[in-house]
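There is one chain below, alone, in structure tokens, taken in the form predicted alone.
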Amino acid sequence: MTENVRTSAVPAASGSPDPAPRPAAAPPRRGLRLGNTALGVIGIVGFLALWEIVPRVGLVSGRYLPPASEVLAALAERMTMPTFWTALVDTLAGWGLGLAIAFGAAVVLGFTIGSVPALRRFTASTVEFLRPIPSVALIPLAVLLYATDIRSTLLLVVYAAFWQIYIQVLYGVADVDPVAEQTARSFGLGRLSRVRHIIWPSALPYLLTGLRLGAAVALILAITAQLIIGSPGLGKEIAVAQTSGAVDSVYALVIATGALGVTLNVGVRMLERRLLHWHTSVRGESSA
């Protein structure tokens, strides 16, 4: 190896061909991001332009699809009303509280059951039976138990988000390197120390993936519960606007729920990148 280093350090002899040119430097990532942002903005503007034209030229009746300008005006008007922000806070409360309960239960049960193979096999059939049950099938039960109270929303949100996180935790615990596990045992690390230094770092990427999936599902179920059951929130506002014939307000509130979903997803992604800055997947994504 030393010989190779010395050979490479010797300058090229006179008259020898020029060394091969070095590969060009990678283009600046900032320019690429700005390009993607510009394309995204152009796409949104194009979609709004198409939305504006379709009802204007009569392809779709404006009674069912108002022009984009009217919907955006209705959204701006809604945002000046206290009821809109109260509904938004109610939706965030149902989403956040339900997701927090599901996260805590999934982490505790996932690490406990996943760390004991016999316990995992014992519960596998029960999990496979309960997990496919759609959360919306629990709406009658939620109404019977809690009527239109926020607890009915929490029941659906917790049930839907729990399985998303729990299954990912089980995968993460099962993905622990057995060599590292045996090495930790040979050095005399106790169960808690192995969970902290071996199992937790291995399961964290899975856990955050489950959190991202659970956050999206939790918002869907929160809006669904408010829309069908009538618990407070943006879903209830959509139902009220629909029954009163305010079509532009219905579209405006749907846009608000979409914007809320994008904002929450961006926040969870930022949290994921911050906590997994050491992981190869995040470093590779950052350098791409």
Partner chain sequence: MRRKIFALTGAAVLVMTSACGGGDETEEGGLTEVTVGAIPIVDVAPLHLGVEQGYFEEHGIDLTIENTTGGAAAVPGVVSGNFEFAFGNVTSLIIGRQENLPLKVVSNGVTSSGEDGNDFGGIVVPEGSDITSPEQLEGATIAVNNLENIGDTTVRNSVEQAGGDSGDIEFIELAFPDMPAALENGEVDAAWVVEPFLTSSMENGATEIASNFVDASPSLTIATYFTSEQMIAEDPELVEAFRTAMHESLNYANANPDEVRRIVTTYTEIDQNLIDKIRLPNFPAEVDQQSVQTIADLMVEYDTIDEAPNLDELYYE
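Please read these numbers as outputs of a predicted model, since none were measured by experiment. Numbering follows the first chain given and starts at 1.
Note that the form predicted together with its partner chain isn't included here; everything after this is about it.
At 4.5 Å between heavy atoms, only one of the stretches 196-204, 210-218, 117-125, 146-154 reaches its partner chain in the predicted bound form; which one is it?
Of the stretches listed, the one contacting the partner is 146-154.
So, Ser249 and its partner chain: in the predicted bound form, are they within 4.5 Å at any heavy atom pair?
Contact check for Ser249: yes, within 4.5 Å of its partner chain in the predicted bound form.
Contact between Val54 and its partner chain in the predicted bound form at 4.5 Å, heavy atoms?
Residue-level check for Val54: no, no contact with its partner chain.
Is Ser69 a contact residue for its partner chain in the predicted bound form, using a 4.5 Å heavy atom cut-off?
Residue-level check for Ser69: no, no contact with its partner chain.
Looking in the predicted bound form, any heavy atom of Gly230 within 4.5 Å of its partner chain?
Heavy-atom contact with its partner chain at 4.5 Å: present for Gly230.
Tell me, which of Gly245, Gly258, Gly58, Gly35 has a heavy atom within 4.5 angstroms of its partner chain in the predicted bound form?
Looking at Gly245, Gly258, Gly58, Gly35 one by one, just Gly245 meets the 4.5 Å heavy-atom criterion.
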